[in-house]
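Here we start with a single chain on its own, the form predicted alone, put down as structure tokens.
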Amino acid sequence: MDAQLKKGILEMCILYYIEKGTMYGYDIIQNMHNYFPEVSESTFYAILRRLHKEGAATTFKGEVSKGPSRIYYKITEEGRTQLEQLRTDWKDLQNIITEMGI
């Protein structure tokens, strides 16, 4: 699959996932691996960092466990708007492909 297309799909899926509730970064990645096993952890983390940098997600450190502090992600209103636009774009693309008979 084309890298740019996959990036957009992964972004939409991650936003959809964190829209359901605040999530620990590692848990997000493990769940996304169920659907995208060929995608590396570093790719998922890069998308999460970008979503945070762009304001689509907020982060906070959770309670300290036996390891390093856990970083949790939560969708923002801007992220919800972005997710809705991605959903619309995805549906439009599906309609075009269907209309073309592909």
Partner chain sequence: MKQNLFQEKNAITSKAEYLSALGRHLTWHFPFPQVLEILADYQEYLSIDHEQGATMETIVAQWGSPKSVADRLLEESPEAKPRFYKHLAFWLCVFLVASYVYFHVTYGAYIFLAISSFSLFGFFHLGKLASIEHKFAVRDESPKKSSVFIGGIPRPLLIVHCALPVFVLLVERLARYVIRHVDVLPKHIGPLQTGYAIGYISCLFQILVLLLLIWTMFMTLCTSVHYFPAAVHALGALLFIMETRGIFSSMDLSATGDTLLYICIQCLAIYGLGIALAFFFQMLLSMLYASKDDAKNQSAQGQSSSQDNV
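Since the structure is predicted, the reported quantities are computational estimates derived from the model, not experimental observations. Numbering follows the first chain given and starts at 1.
Omitted here: the form predicted in complex with its partner chain. The next part is about that form.
Among heavy atoms of F36, none comes within 4.5 Å of its partner chain in the predicted bound form. Among heavy atoms of E77, none comes within 4.5 Å of its partner chain in the predicted bound form. Contact annotation: M32 falls outside 4.5 Å of its partner chain in the predicted bound form, judged by heavy atom distances. Its partner chain is not drawn, but in the predicted bound form it has no heavy atom within 4.5 Å of W90.
Using a 4.5 Å cut-off on any heavy atom, the residues of 27-52 that reach its partner chain in the predicted bound form are, in sequence order, I29, Q30, S40, E41, S42, T43, Y45, A46, I47, R49, R50.
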